[in-house]
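Coming up is one lone chain in C-alpha cells, specifically the form predicted alone.
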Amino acid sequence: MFPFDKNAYLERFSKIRKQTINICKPLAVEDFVAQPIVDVSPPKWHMGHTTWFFEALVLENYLQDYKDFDHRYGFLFNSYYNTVGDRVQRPDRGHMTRPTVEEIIHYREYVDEKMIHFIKSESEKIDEHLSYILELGLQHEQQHQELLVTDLKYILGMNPIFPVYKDYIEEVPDSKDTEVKFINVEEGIYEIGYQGNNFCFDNELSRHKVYLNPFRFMERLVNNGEYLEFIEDGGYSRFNFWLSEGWDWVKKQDIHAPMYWHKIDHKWYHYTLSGLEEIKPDDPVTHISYFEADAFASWKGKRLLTEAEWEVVCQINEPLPNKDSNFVEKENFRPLPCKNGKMQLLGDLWEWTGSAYLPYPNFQKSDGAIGEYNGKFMVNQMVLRGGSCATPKEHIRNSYRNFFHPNLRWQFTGIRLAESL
C-alpha cells in the first residue's frame, strides 16, 4: 500500500479542491441549480457532495469534537451511501434552491480548513485504512469534476440558445490521420487488473490471467465522417444492425443521431461547450450510447473490443498518458482529430467495450460505506475504458474501469472497432 505523505497530500488536496471551483467559474448563478434529467446533477450539488464526502467519511469519524457545518447537509448531499444515512433522492436534487451557492462555498471553505488542520495535526496517526479513505476522497472529487463538465454540457446544451461555457482555441494537429489502420494482436495468455503500490479502486482488483484469441483493432477512434455514413445509409432505421433492446430504445426515444447533433438547413451541427458548431468530419464521434456503438460496429461488419482486449492493447501500446493525450487540463472539452501515429487510447473519449461490468476473480467488497462505492453497481452496465477530454490526467490508468447503462450518452463516449482473426 502507498505510504502517506502529509505535505504531498496537502498540496494535492488544495489543488484538486480549487479545480472544482475553477470549473464552475464561467457559470451564472442560475446554472448551478438546473437538473434537466435524472442522470445530470446540478453543479451546486456536486460542490456540496464532494465536500460532504470528506466531512462524513473523514472528519466525523476521525477528528475529535468535530462540529458539522450544518446537520441538514448530510441528508442533502449524500448520494447513494445507505450505510451513512438517509438522503434526498437523485431526481430531486434540482429542487434544492437552498442552500445558496454562496452558502455551499462557505461549507467548502469550512470543511477544507478542518481537513487541513486534521492532516497537519494527526498525520502520524494515519493508518493504512484512513490513508486509503483520504486518497479516495481526492479520487472521488476528480470523478465529480468530470461529471461536472459533462453535466454542464447537458444543462447548457438543452438550452435553446446554445450558450457558450468557454471559447475554444482551435488546435491544428501536426498532421491528421484519417486512414483506417488495424493492428494485429496475437493469441495468448495475458494479465489484466491493477498492478502496483499506488491507489486503485477495488473494482480493478485482483490482477488475473485472461486468454485472448487473435484479434485486431482500429488504430484510432471512429470519426464523425464515418458515423455520418452510417446515418446516411439508414443506420437508425434498419433493425438488423441493432440489439433488440437497442432497437426498442431507438424507436421509443426517436433517436436519429448522436446526442447534441442538430440538422439545420441540410447541414449537421452539434452543441459544444463553445456553442453550436458545424460537424467536423475528422473529429472523433462522441456522445453515443453503447447501443449506437454496437450498431455501428455491426454495420461495419466489426465489433467492439472486450475490456480485456482493450487493456492488453493499452498495456502494449500506450501504458501511460503522453504529452499529446487530450485530458481536461488542456481545456479543449472535446475530442480532437487523431494525430499521425497516435492511438488515442488514453484521453479524448471513453471507449465502449463489449463487456458487461462484473467483478474480477477474488473481488472483495469492503465493509461500510467504502464497500458501496463500486460493487453494488455490477449489474446491467457496460464497461468503458480510457478516460476522456473531461477526465483529469492523473486520475486515469490502463486498468481503470468505468461503467454506464447501455442507453446513456451524456458522457464523452466513443467507438473503437475490432474484429476476430
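The shown structure was predicted, so the numbers you read here are calculated from the model rather than taken from an experiment. Note that residue numbering begins at 1 and tracks the sequence as displayed.
Keep in mind that the form predicted together with a further copy of the same chain is missing from the display, and what follows is about it.
> Wondering, does Glu372 line up within 4.5 Å of a further copy of the same chain in the model of the complex on heavy atoms?
Judged by the heavy-atom cut-off of 4.5 Å, Glu372 is in contact with a further copy of the same chain in the model of the complex.
> Answer for Glu179 alone: is it within 4.5 Å of a further copy of the same chain in the model of the complex, judged on heavy atom distances?
Heavy-atom contact with a further copy of the same chain at 4.5 Å: absent for Glu179.
> Is there any non-hydrogen atom of Glu30 lying within 4.5 Å of a further copy of the same chain in the model of the complex?
Although a further copy of the same chain is absent here, Glu30 would touch it in the model of the complex, with heavy atoms inside 4.5 Å.
> Although a further copy of the same chain is absent from this view, report whether Lys365 comes within 4.5 Å of it in the model of the complex, heavy atoms only.
So Lys365 counts as contacting a further copy of the same chain.
> Counting only non-hydrogen atoms and a 4.5 Å threshold, tell me whether Phe75, Asn82 and Ile189 all contact a further copy of the same chain in the model of the complex.
Contact check passed for all of Phe75, Asn82 and Ile189.
> With the partner removed from view, which of 105-113, 92-100, 118-126, 331-339 is the stretch that lies within 4.5 Å of a further copy of the same chain in the model of the complex, judged by heavy atom distances?
Result of the contact check: 92-100.
> Between the options Ile279, Ile183, Val210, Ile133, which residue brings a heavy atom to within 4.5 Å of a further copy of the same chain in the model of the complex?
By the 4.5 Å heavy-atom cutoff, the listed residue in contact is Val210.
> Of Asn159, Asn197, Gln253, Asn322, which one comes within 4.5 Å of a further copy of the same chain in the model of the complex, counting heavy atoms only?
Exactly one listed residue reaches within 4.5 Å, namely Asn159.
> Could you pull out the residues of 369-385 that have any heavy atom within 4.5 Å of a further copy of the same chain in the model of the complex?
The stretch touches the partner through Glu372, Gly375, Lys376, Phe377, Met378, Val379, Asn380, Met382.
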